[in-house]
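Just one chain follows, in the form predicted on its own, and it is written as structure tokens.
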């Protein structure tokens, strides 16, 4: 199975971005990717070689993440999303950082069905058909949810969101 190992290795950066989008925490994203890679290795016999590996891994990661949240809820463990770590190689300006935090906050307010499909398509880069396969829904439903999510994100911020005033000179 050398092909499986190579495809898994090539998919890891994309899988980590998706895991980070789900968890909003670097260490939890690392843990999610590790759990997903371990499960993929254990279940590699289930992977269909004629199909891309990224949608298969994305579905696995989403299921692991949902199970983790469900387990935490049953045990009454609060799993809080930390403030987004916006440190990167290129430091954003203060305004860009505020805008990014606001967008992440608004993505978190989307209904789970819209948020899941948006993250798969926008962050993980899956096609609509691949995202539909991961979520087990028709392609038309993916398109509809993406459209509603984008429309929600384009709306003006809600009144509880602080409005940034720009100085006029």
Partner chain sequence: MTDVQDFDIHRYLDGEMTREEVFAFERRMEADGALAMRVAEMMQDMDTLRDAIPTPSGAHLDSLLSRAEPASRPIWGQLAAAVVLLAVGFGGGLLTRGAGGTVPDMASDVLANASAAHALYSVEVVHPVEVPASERDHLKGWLSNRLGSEVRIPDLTGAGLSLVGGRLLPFEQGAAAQFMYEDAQAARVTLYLTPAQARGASALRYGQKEDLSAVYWQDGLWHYALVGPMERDRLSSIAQSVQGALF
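Quick caveat, the model's predicted, so the values are computed rather than measured. Numbering follows the first chain given and starts at 1.
What follows is about the form predicted in complex with the partner chain, which we do not show.
| query | Going by a heavy atom distance of 4.5 Å, is residue 128 a contact of the partner chain in the model of the complex? | reply | So residue 128 counts as contacting the partner chain.
| task | May I ask you to state whether residue 66 is within 4.5 Å of the partner chain in the model of the complex, using heavy atom distances? | result | It does not: once the partner chain is placed as it appears in the model of the complex, residue 66 has no heavy atom within 4.5 Å of it.
| query | Is there a heavy atom of residue 109 lying 4.5 Å or less from a heavy atom of the partner chain in the model of the complex? | reply | So residue 109 does not count as contacting the partner chain.
| Contact between residue 118 and the partner chain in the model of the complex at 4.5 Å, heavy atoms? | Answer yes; at least one heavy atom of residue 118 falls within 4.5 Å of the partner chain in the model of the complex.
| field | Residues within 4.5 Å of the partner chain in the model of the complex, restricted to 12 to 44 and counted by heavy atom | value | Sequence-ordered list: 12, 13, 16, 17, 20, 21, 26, 30, 33, 34, 37, 38, 41, 44.
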